[in-house]
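Below sits a lone chain in structure tokens, taken as the form predicted alone.
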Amino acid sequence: MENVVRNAKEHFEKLVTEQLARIERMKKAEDWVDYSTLKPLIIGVAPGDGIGPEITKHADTILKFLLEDEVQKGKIEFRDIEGLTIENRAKLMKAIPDESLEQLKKCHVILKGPTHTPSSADLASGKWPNLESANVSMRRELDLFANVRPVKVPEQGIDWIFFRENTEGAYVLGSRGIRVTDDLAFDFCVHTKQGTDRILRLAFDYAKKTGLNRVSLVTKANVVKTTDGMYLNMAKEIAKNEYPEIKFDDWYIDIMAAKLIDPARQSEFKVFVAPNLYGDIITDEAAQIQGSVGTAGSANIGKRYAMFEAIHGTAPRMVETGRIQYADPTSIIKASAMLLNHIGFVDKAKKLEMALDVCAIYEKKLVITGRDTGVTGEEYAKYIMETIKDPNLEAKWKSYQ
């Protein structure tokens, strides 16, 4: 028994030491990068696993189409990120291989396809080893602390944006739990004052700059009193002392999951902010309300780097049944629009967003179903680009509003 307890103490001591060191790095963090000063601005493209390479190539094609002039003038450079596949990660036993991480750090923004994280079934079957999520690792290594996801359903009055903390919470040590004995296992939830403060301020700043009048915090502070309690107390202080003009309210994750589908409440919500786990839950639910997880894009923002991705997984069933050419690229194309907006190409981002609305919501000349009952991803991407070329795109889009 003494050895078991001692081993657990040593394991926990190492985790605490690492997190204290991370806090010191956050205290010394650099200012936000000014993309307008970068020449060239480097966009890395990492295809990922499963349907990832298929859908990412369509988003890549659209980005290069929209940024053709900037690429020719040397203002923008695209780079392919190699080695970020489950096969290579498993071979090297790394969530992100060192060489791939080095490539990523030489880019300024990244477009990333979905990557596979080994499940308990994978481990039991021996198909893949126990690897940390590449997403979790990338967010930590590049300090992409904010996951930002917009969701819009105009006919229901829904215009939401979610700020999910990315680098802490229940996920940051997701592969670092400890099986003390066959009968006892621990996982860890980590929150820091610095990490909590920066995600809260990002959400409140967005609400202030955009003229939105409400920020809703999601926790389970009535039960998870220490970590979630810190979140709630800090949010209350920031709201009261620094953003008195913005309405602030807090919700527990269980009731928020219910209220998101309450027609009487949906149009009232504006900006959400949540720790990692709760943010993961409600953003997927919100995407489903919008249509499906395949309809939402995702931004992962840090002060130096930013990564944009689809919010869905690698769709292994589509791979197994030979349907990858029919995979829906909408989510990663929406992420591409967020990428354009983030690096300052607001007009190009708006064109892409309008084209997506016209193609997917209004005209529907081509429909992608994930099967041969619809068009391929390549055909759909061409449809979007042809719509972007339409000189009457904005007028057409406005006519549907």
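Residue numbers here begin at 1 and follow the sequence given. In this text, all values refer to a predicted model and were calculated from it rather than measured experimentally.
Keep in mind that the form predicted together with ligand IPM is not shown, yet the notes after this line are about it.
Although the partner is absent from the chain shown here, none of Asp60, Glu77 and Leu339 has a heavy atom within 4.5 Å of ligand IPM in the predicted bound form. None of 236-244, 188-196, 118-126, 163-171 except one has non-hydrogen atoms within 4.5 angstroms of ligand IPM in the predicted bound form; the exception is 163-171.
When you look in the predicted bound form, the only residue of Gln156, Ser133, Gln288, Asn213 with a non-hydrogen atom within 4.5 Å of ligand IPM is Ser133.
Put simply, Asp328 is far from ligand IPM in the predicted bound form: not one heavy atom of it is within 4.5 Å. Contact annotation: Asp228 falls outside 4.5 Å of ligand IPM in the predicted bound form, judged by heavy atom distances. Not displayed here, ligand IPM is kept clear of Asp250 by more than 4.5 Å at the level of heavy atoms in the predicted bound form. Taking non-hydrogen atoms only, Asp280 approaches ligand IPM to within 4.5 angstroms in the predicted bound form.
Interface residues of 141-160, taken as those with a heavy atom within 4.5 Å of ligand IPM in the predicted bound form (partner not displayed), are limited to Arg149.
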